[in-house]
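Below are two forms of the same protein chain, given as structure tokens: structure 1, then structure 2.
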Structure 1
């Protein structure tokens, strides 16, 4: 089993060991008895079989013992699980967004990041939001997983017990690049975490439009080099004449500011020919006018 780095790991691992332990006893025991019987009562050694119809005592025994044992297994499973759904008061809250095929995180101070940074030994509540289809937020080292369900608010919480960087994986199938939907959580000692929090978000000198494209996972579907992924490439998009389908009718449009803004706000109004309606979701509530303007500005540079 991999390194464990949250308060849940103990409960999960304990119930795992208990079930595996009981199971091994039965597995090895039953297999051994079975093999022994096959040799001992082989037809060469035992040419005449004895008919035994059954035994009520044994039936009762081997109903009762497994019953007791499964109760034990259930109990440990439940005890290991119970804390996972009761968030301690005063937990710090982060919002995690899942969208095809990228996680992003929003901190209370408004900063948006690609990977999660949390303080050591502090409960953190993660509110799980999906922007399109089902995803699942999985941190193996924390033994923690919960689905992101569109239209429904789900959550999980954890308290990290070891500093370091741990993988975050998407564990619910979400389409083509499901296996590339990765991120990480970095656990920092409290002081370093405070430092991180104080530092200004590192925007570098990237074009703000590009930053937005990255942050919103646009680039998982739209390439910048002309290749087709899920959606049409951004290269040379601006100013091009697109064939789109509007209300079931084909027409030609010029990809100008207005068209691109509409494509972001209502992607299903004009569907580009050769692409699937419904793959791209509306970003009307995610990107404001100014941000969309930045994006368009950046798209102009992609000749």
Structure 2
């Protein structure tokens, strides 16, 4: 349990150890019995087949023992799970948004951040919201995982027991860049957390176009410094002449408002030469006209 960092870790680890222990006992025991039977009851040693009929003792044993073991595993699993659904009064609430392919976090004061920061030793309730498809919010060091289901309210809560920075992963396949959906939770002493909260950058104060690019994980595939990632860089894109493939034919297009808006709504209509088709999903049902206009305005600043 060296990597555990929440009050729930011990209960989860204990139930895992019990289940693995019981499984190992059965694996070793059944394997040993099979090997014994192979030698004891082979045809040379036992030419007449051995058959046991009507043994009430065996019937009781192979019914009662598995039932008892299942009850034991259920008990420890339930005792580890039950506290996870009982949020203490006064817990700090944070809203976590999941979308392809990024997590973002909204604090009670309206501040929005790319990563989660929490105080040490204080209960934190995380309300889980999906903006598109099914995601799973997973903090391995806290031994916690909950699904983010579109249209459904869900939550998790925890109390961190160690300071440090811990990974947040998406544990549900959510599309081509699922493995890029990473974030972190940083646990700070309460005094340092108060200082962070007073000075932390707020995504809501950025250019709205940049905020939308971050919230929709556009910067996972498109750089702002001219470097090539999965898709074309945003730097110098606006006003640039691109060679694209449209319906299997190459043509030149000007990266203006119309082209960028179409690329957001129909990303596979005009694919820039040298890049793969089908790598980007449509944002037609995610971003409205006003939001797309904000993005275009921001791209104009990336000379």
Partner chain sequence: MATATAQVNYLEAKKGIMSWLFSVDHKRIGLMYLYALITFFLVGVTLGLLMRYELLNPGKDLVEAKTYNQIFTLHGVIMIFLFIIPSIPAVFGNFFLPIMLGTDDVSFPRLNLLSWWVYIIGAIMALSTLVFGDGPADTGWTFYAPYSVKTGTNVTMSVLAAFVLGFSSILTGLNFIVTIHRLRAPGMSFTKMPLFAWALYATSWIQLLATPIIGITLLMIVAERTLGVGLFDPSIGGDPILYQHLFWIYSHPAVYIMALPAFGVISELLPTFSHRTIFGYKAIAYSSLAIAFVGYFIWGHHMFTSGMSGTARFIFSMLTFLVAIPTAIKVFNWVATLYKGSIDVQTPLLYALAFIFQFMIGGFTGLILGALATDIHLHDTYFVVGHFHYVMFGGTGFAFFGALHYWYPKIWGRMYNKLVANIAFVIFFIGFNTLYFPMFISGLMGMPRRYYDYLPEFHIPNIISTVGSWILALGLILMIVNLIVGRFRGRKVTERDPWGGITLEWQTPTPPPVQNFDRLPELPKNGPYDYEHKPQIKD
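Between two forms, the rigid core is defined as the largest C-alpha subset superposing within 1.5 Å. Positions refer to the first chain, counted from 1. All values reported here derive from a predicted model rather than from experimental measurement.
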{"item": "Structure number of the form predicted alone", "value": "2"}
{"item": "After fitting the core, residue 284 CA displacement of 2 Å or more between the two structures", "value": "yes"}
{"item": "Large Cα shift (2 Å or above) at residue 165 between the two structures, core-fitted", "value": "no"}
{"item": "Exceeds or equals 2 Å, Cα of residue 229 between the two structures, core fit", "value": "yes"}
{"item": "Core superposition result - C-alpha of residue 51, shift between the two structures, Å", "value": "3.5"}
{"item": "Residue 246 CA shift between the two structures in angstrom, with the core used for superposition", "value": "17.6"}
